[in-house]
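In the form predicted on its own, a lone chain appears below as structure tokens.
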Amino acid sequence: MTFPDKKIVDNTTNGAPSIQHSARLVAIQVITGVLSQQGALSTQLARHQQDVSSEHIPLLKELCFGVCRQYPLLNSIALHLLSHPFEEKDTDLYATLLLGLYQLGYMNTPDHAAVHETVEACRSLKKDWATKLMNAVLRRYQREADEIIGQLEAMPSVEYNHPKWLVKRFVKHWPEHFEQIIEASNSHPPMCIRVNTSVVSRETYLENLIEKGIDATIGQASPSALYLRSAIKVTELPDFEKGFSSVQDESAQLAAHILAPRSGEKVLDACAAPGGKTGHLLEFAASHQASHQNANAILDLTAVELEPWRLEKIEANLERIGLMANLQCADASELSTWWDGQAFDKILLDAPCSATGVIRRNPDIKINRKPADIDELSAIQKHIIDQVWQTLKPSGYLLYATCSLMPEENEQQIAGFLATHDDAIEVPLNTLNPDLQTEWGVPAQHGRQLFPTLKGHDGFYYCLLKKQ
């Protein structure tokens, strides 16, 4: 195993030490927070990225996402180089070392600059005692990189750049798809957008992109998906501020197409953040009206989310696309805190999960996700679906979804639910939308499982249930 020949461009050094550049110091804070399990990478970045200038945010994200994405390899190298692991109180130093190794292996930062910046970061952290250690460790790695990697590459966590326990589970559950899962999960995700077909057709929007010099192709699973050849700022998308498009993975877009909300229906989006599916449900309802009424007048949509700050994101997303929903800040499983007793025609339950199908978008999963989490999350999912099912009308439909690849959270979860609920039956995913092609992914015991693809959709699971 070797580091890539093509390294990420770092234009901030120009061959000279640049410890003054705040992105690296903020990256140390973010990575320290992730290593200390103080919150997800996305949460840490949201908390700290205002500490750097806007032009340096891309570098900050590259450093943070990069270290997390390559963590199994970088961690093995670091532990091999250190005679004793850092103590917990020095987690910031370990984050600094990982960042230095990432710069040496994956960025075009000159080696002497990467070493110098890492050593100087110790001083900025008020831990001058670690400067000689950091210098010695990184210089040794410069000299012995090939030999060290050669000694480590037989380890599953190094060979596949995933935690050993996760490699074992992927091999056990999906042996035929294992290589695809690993390759896609270690890659940078493509930029996929959802066209708001209530205001513009996908074909017209594709033409608008091409006219602006933005190369794009249509998605094969979702009728509203377009893939951009290269990632761009959302402000460069045609009429983005008017709600003509949103950034959303193709597999996540399938939820609205499967549930197919219609005029006059009462719909629940449980566990709704960050609101992409909430907006899409409204857009779908609006786009399937004979007249061009506002979706707010035709769809009674309730979105429930536990975290207040995440609910604010949903509100902002809906405001941009010009649509509204009844937003409830509550635990969806605690019915007494939000439900008015009026049953729903359709429910989308995008359940909290291990997110093992979207590791490339959330690479900190490689650091903090543990085997015990699967059982804990499965119990949470069971409780939520048991409770939310009570709010569904007879003859109503519930779409269960996760971005997980773990059968315990998906087909096994549904099998257990059907075994204990005589009023529930599974129906085909295109029951409510006969025009929807459902040959994506693979059939599971119940529902269908999508796997992450290198230049396509993320990993996802769907199963549609009807209340008899």
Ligand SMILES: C[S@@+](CC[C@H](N)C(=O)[O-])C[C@H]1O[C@@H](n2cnc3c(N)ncnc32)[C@H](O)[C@@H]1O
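Keep in mind the model is a prediction, meaning the values are calculated, not measured. In this text, residue numbers run from 1 along the sequence as written.
If you look for the form predicted in complex with the ligand, you will not find it shown, but the lines that follow are about it.
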| Non-hydrogen atom contact Leu306 with the ligand in the model of the complex at 4.5 angstroms | yes
| Should Glu117 be classed as touching the ligand in the model of the complex when contacts are defined as heavy atoms within 4.5 Å? | no
| query | Given that the partner is absent here, does Gly276 sit within 4.5 Å of the ligand in the model of the complex, heavy atoms only? | reply | yes
| query | Is Val267 one of the residues lying within 4.5 Å of the ligand in the model of the complex, judged by heavy atom distances? | reply | no
| remark: Assert contact_stretch over 149-157, 170-178, 348-356, 197-205 against the ligand in the model of the complex, heavy atom within 4.5 Å, equals 348-356
| remark: As a check of understanding, the residue in Ala286, Ala272, Leu301, Leu254 with any heavy atom within 4.5 Å of the ligand in the model of the complex should be identified as Ala272
| query | Of these, Leu81, Met324, Leu133, Ala330, which has a heavy atom no more than 4.5 Å from the ligand in the model of the complex? | reply | Ala330
| task | Let me know which residues along 369-384 have a heavy atom within 4.5 Å of the ligand in the model of the complex, or say none if there are none. | result | Ile384
